[in-house]
Structure formats: C-alpha cells, structure tokens
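There is one chain below, alone, in structure tokens, taken in the form predicted alone.
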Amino acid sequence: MFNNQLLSRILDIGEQMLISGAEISRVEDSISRMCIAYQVKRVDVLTITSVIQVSVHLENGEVFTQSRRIRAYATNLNKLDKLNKLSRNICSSLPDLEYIDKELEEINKEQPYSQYAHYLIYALVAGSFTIFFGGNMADGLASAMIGMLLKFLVNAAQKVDKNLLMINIFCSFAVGAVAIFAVQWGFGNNLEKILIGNIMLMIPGLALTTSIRDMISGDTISGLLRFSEAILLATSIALGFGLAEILFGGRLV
C-alpha cells in the first residue's frame, strides 16, 4: 500500500541520484516508475537543479505531496549506478520499507576511494594534462605536486564554506600563486602548462555536459540553470587564476 513513508524513501533515492550526477530526465523517470509500480493513479514530478517535488494521487482520492531541497552535489557515478539498480529492483519486486532503508544505507555508506587515492588521482591528472599540453617532465612534476595542494585546499575550503564560487576563487587563486612562485624559483619551466594541468581538475565539464543533455531531452529550465551554474563556476576559476597573475607578476594565460 502506498503511503507517505514510501514516498519519502522514493524521494530519498531520487535526491541521491540528482546529487550523484544524474540528469533531470533520469531522476523524474525513476521516481515516476517507482511510484507507478505501487499502483498509484497519477504521479507528477517536477525536478530542477535544486528542488524535487512529487505529488502522488491514489485511487481512493488521497494525495501525497513531498519535496526535497538540493543544496550541494557530489558526483559519484558508481553510486548512481547502484541507485539505478535499486530503483529497477523496487519496480520489479515491490519491497517493503525495511528493505529499501537497508539498501539505501548500504549505498550511502560506501566510500569509493580513500583520501590518499584522491590525492594520487589529483597528482596524476594534473601532471598528465601538463605533459599532454606540451609541458616537460619538470613541469609535469611541479603540476602534480600543485595538484595535491589543490586537493588539500578544496578539502579545507569545503569545511569552512559550501559556496562553490568562493571555493573556486580561493583555490584557483592559491594554486595560481604557488605555480607562479614555483616557476620563479626554478621548479618547473612553463607556467601556462602547469596552470592548464591544474585548471583541468577544476573545470565543470560534467555540469556543462549534463546541462546540454537536459536541454536536448526537453528539460530546458533545468538545462539553462545547470548551464548558467557551469559558466559561473568557470568564471570564478578564471577570476582566481587571473588575480594571482595580476598580483604576483606572472604572465597572463
């Protein structure tokens, strides 16, 4: 029997899917399918980048409406895949609340990579892109070290402020300044190659791609909101690096 508790669990799944990087159409379709599987009369789902609202109409005339406010994103495609499988399982087997709670708890507890792995990934990505764009080995090593510093700064900034724009400005400014000093002191030769390697860690590529997918699939408002967010994030990154260039005398990229 469909009730408010079940709708809350379904919204929990949709919320986690959106936070993990799912496009709007996937979130709305999954929520609708899970509700319809429990033989409800009608489902209306409205999802934009920061809100999910669902209204469910039952055959006996009862109407349940709930919403979720999305305040932050944490892209995790492995988690998204498991949430997708859980939603399909719910549609096919109609489990009870206890089963859904247990599965959601298991999915939310999983940590895909340790912090050490994150630092290593940041170093590998920054160093590899620096060399890919024409830097030498010294540039790649400098970029890798600065990439690990960037990861440390992002972790520290997220504990103080959840505003992505401010975090991006602060981190890009600090990384830009360190890169300029590193080259001035002989640790690395090509400033622009080192900066490019670290900029690649910060650019909102997934947000931009998802915004285009949302617009193509007909979710124009959500797509435009995501697109605007991606442009603002990219601008904040450019602002941080630009300030470092102006204040510490490096060359403009």
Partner chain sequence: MMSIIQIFTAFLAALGFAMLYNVRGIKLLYAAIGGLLSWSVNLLAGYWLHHEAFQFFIAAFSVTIYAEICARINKTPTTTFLPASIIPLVPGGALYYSMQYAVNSMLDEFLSRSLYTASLAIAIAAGILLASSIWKVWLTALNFLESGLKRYK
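Numbering follows the first chain given and starts at 1. Please read these numbers as outputs of a predicted model, since none were measured by experiment.
Beyond the structure shown, there is the form predicted in complex with the partner chain, which is absent from this document and is the topic of what follows.
- Query: Does at least one non-hydrogen atom of Ser93 fall within 4.5 angstroms of the partner chain in the predicted bound form?
  - Reply: Ser93: no contact with the partner chain in the predicted bound form.
Legend entry - Exercise: Thr209 in contact with the partner chain in the predicted bound form, heavy atom 4.5 Å: Close contact exists here: in the predicted bound form, Thr209 approaches the partner chain to within 4.5 Å, heavy atoms only.
Fill in: Arg213 within 4.5 Å of the partner chain in the predicted bound form, heavy atoms
Taking the distances in the predicted bound form, the answer for Arg213 is yes, it comes within 4.5 Å of the partner chain.
**OP:** Using the partner position in the predicted bound form, report whether Asn108 sits within 4.5 Å of the partner chain, counting heavy atoms only.
**Re:** No, no contact at 4.5 Å.
- Of these, 94 to 102, 163 to 171, 138 to 146, 73 to 81, which stretch puts a heavy atom within 4.5 angstroms of the partner chain in the predicted bound form? So the stretch in question is 73 to 81.
(message) Please identify the residue among Leu58, Ala37, Val45, Ile196 with any heavy atom within 4.5 Å of the partner chain in the predicted bound form.
(response) Only one option qualifies, and that one is Ile196.
Within 4.5 Å of the partner chain in the predicted bound form: residues from 173 to 208 (heavy atom criterion):
Contacting residues: Glu192, Ile196, Ile199, Met200, Leu201, Ile203, Pro204, Gly205, Leu206, Leu208.
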